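In the form predicted alone, a lone chain appears below as structure tokens.
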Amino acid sequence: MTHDVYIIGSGHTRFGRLQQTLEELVVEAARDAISEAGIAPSEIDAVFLGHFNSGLVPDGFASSLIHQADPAFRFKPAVRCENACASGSAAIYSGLDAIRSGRARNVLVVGAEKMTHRSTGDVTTALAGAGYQNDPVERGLSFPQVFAIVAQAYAERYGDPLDAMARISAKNHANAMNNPLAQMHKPVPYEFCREVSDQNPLIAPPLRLSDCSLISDGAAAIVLSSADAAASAKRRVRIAAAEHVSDFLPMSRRDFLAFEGPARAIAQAYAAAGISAGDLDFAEVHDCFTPAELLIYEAMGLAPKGQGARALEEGTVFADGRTPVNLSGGLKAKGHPVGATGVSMHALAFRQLTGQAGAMQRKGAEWGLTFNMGGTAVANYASVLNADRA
């Protein structure tokens, strides 16, 4: 019996400031994924929802909102998965487990979040709930403040990362210009990102506005199928590896710059898939703040520790480089509706590997990496996806 699992369909709403309710976003993405998969809704054996919430919406019991997409979903088991900003990947991995255990052949996974109806302060407070609450110092930190501390520590240990951070921001905004689903469709030049100004103020020194991801609404969905169920699929992408590593919640117990959780998850994913960083054709990673993407380059093995800027200087991670990172625009410009983010990464990787990425397309892509992170590198999910050319 093979344990291979495939993605056979994807759905993806636009990200941004949207008028739809959470339910409407879930339903839109779910229907699109089912339609592309080419299977009847009755063939779905279970549904999983990635949804952080943390008080952002009153829907405290949202798992069966997916059932609103089609009457055939009635009585299908439904579960909501929450793991901070990695809630979407948590839902996907739950779906993988359901298939590999033999309990399901086809699973629908949706990730969704509704955020823009709340003030920036409200959203900042809600997201801060993913930090460690039993320490008065850590409890008082917003996530921009956390990653400001990261940038300061990086500067002290390795050298000033601000220039590299500006290049990351400008790169991802440029990539988003090719993504019709992205929240931001405006070029943001490196020179703008580099300087503090009235339009690019300091948010948490040294982080500038251009170093921070967006407050977003949106949803994404994928259909997962076992090897036998996917045998007749029009398109399919094999999940060659799916590795989840969780670290201590208190930052005080970790050397954050070592980024051990992400590095371990990614290394395990490479090993399980039988590849190395050099085999990747692209990666979609968790650039919640630009210092995070810089550290992810190092965790991926694209540059040595403390030298993440080399991946930028050598052109490796740009759209025309050896390993483009965040061709979608990333969280920085595509948007970051928290529960949707991990599912979005997998959905867009599926489209890359099936030649459906439009202007974002990496020609001939065979291998892709997704890395989705919850909290301060606490929940770390690394997937390797492989094109199926059969």
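All figures in this text were calculated on a predicted structure; none of them were measured in a lab. For every residue, the number given is its place in the sequence shown, counted from 1.
The same protein also has a form predicted in complex with a further copy of the same chain, omitted here; what follows describes it.
Exactly one of the stretches 166-174, 126-134, 206-214, 181-189 approaches a further copy of the same chain in the predicted bound form with heavy atoms within 4.5 Å, and it is 126-134. Contact with a further copy of the same chain in the predicted bound form, judged by any heavy atom within 4.5 Å, is made by just one of S246, Q307, N200, T316: S246. Proximity to a further copy of the same chain in the predicted bound form, defined as a heavy atom within 4.5 Å, singles out one entry of A98, A311, L280, A229, which is A98. Taking the partner from elsewhere, no residue among D4, S10 and K234 has a non-hydrogen atom within 4.5 angstroms of a further copy of the same chain in the predicted bound form. Taking the partner from the other structure, a further copy of the same chain in the predicted bound form has no heavy atom within 4.5 Å of any heavy atom of V285.
Residue contact with a further copy of the same chain in the predicted bound form: A155 places no heavy atom within 4.5 Å of it. Within this chain, H67 lines the site of a further copy of the same chain in the predicted bound form, having a heavy atom no more than 4.5 Å away. Although the partner is absent from this view, R103 contacts a further copy of the same chain in the predicted bound form, with a non-hydrogen atom inside 4.5 angstroms.
Although a further copy of the same chain is not shown here, in the predicted bound form the stretch 250-266 places heavy atoms of P250, R253, R254, E260, G261, R264 within 4.5 Å of it, in sequence order.
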